[in-house]
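Single chain ahead, written as structure tokens, the form predicted on its own.
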Amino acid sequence: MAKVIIITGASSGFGKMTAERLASHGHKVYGICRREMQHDKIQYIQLDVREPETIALKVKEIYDKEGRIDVLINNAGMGIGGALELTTKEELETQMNVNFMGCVNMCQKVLPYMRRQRAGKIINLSSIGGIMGLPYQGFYSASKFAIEGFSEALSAEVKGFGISVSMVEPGDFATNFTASRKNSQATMNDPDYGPIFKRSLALIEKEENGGLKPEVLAKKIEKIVDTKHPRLRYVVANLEQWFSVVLKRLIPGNWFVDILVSYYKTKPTPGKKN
């Protein structure tokens, strides 16, 4: 049965691929993005997920037109790289407002309609970075940790209304997320953090560019959309990253941090001021 689906961040990457796949399989897809877009099978809506009043108006328009909203996919997100110590207030607010508050805003405006119909499905895009704190991507991780806690609590609150909540936790994927990442100039220019950050960033970008294809995630999201009783969490990653998720659950926290230090090469080089 065709579903009415809203997906944010639908102009590129995961969002665009997922929107096109769902629309090609007969679903009525409304793609939310900040720039003007056109597609013969997707109804694009130009909207910033940081603007709750505008979201409320647009969601009402969709509901009034379609008579229901079956699925909300919160995909909109961005990344800011840099040392936590040197992250500016503006950078922090941008990171949290887009990734976390954007998800919250969309859920709060769609949920009244899902409760009214006593049915619905919410799929929130988290990350492997929402399971483990990634060095030099700390506030990105924080935004995804926030989505994890929010989604788990939300699931318990709305399950009785016939609404399911799921999180998708991707590992590294080859999308334009890498090129779009904003990097802290203060970190780049710092004599201590700068060289370490650049070294870590090179590894991060290499893994992302060699990551899974976005089609893999789009297929997984489509399966969740079609599943009658979806799980709360879905890790979508390569074998090495799957292993890291399992390992984090099994070993002491300080051991896992040591692994992160070694893997991302965040320890200063002996004898050098970096």
Ligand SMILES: NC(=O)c1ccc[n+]([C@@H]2O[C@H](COP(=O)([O-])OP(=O)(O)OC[C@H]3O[C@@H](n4cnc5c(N)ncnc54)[C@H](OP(=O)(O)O)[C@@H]3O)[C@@H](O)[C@H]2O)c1
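Small disclaimer: the values here were computed from a predicted structure and weren't measured. Sequential numbering from 1, following the sequence displayed.
FYI, the form predicted together with the ligand isn't displayed, but the following is about it.
- The stretch among 112-120, 154-162, 195-203, 171-179 whose residues place heavy atoms within 4.5 Å of the ligand in the predicted complex is 171-179.
- At least one heavy atom of residue 49 is located within 4.5 Å of the ligand in the predicted complex.
- In the predicted complex, residue 10 approaches the ligand with a heavy atom inside 4.5 Å.
- Of the heavy atoms in residue 136, none are within 4.5 Å of the ligand in the predicted complex.
- When the ligand is considered in the predicted complex, residue 77 lines it closely, a heavy atom lying within 4.5 Å.
- Remark: all three candidate residues (35, 125 and 144) come within 4.5 Å of the ligand in the predicted complex, counting heavy atoms only.
- This chain lacks the partner; the member of 98, 83, 167, 131 within 4.5 angstroms of the ligand in the predicted complex by a non-hydrogen atom is 98.
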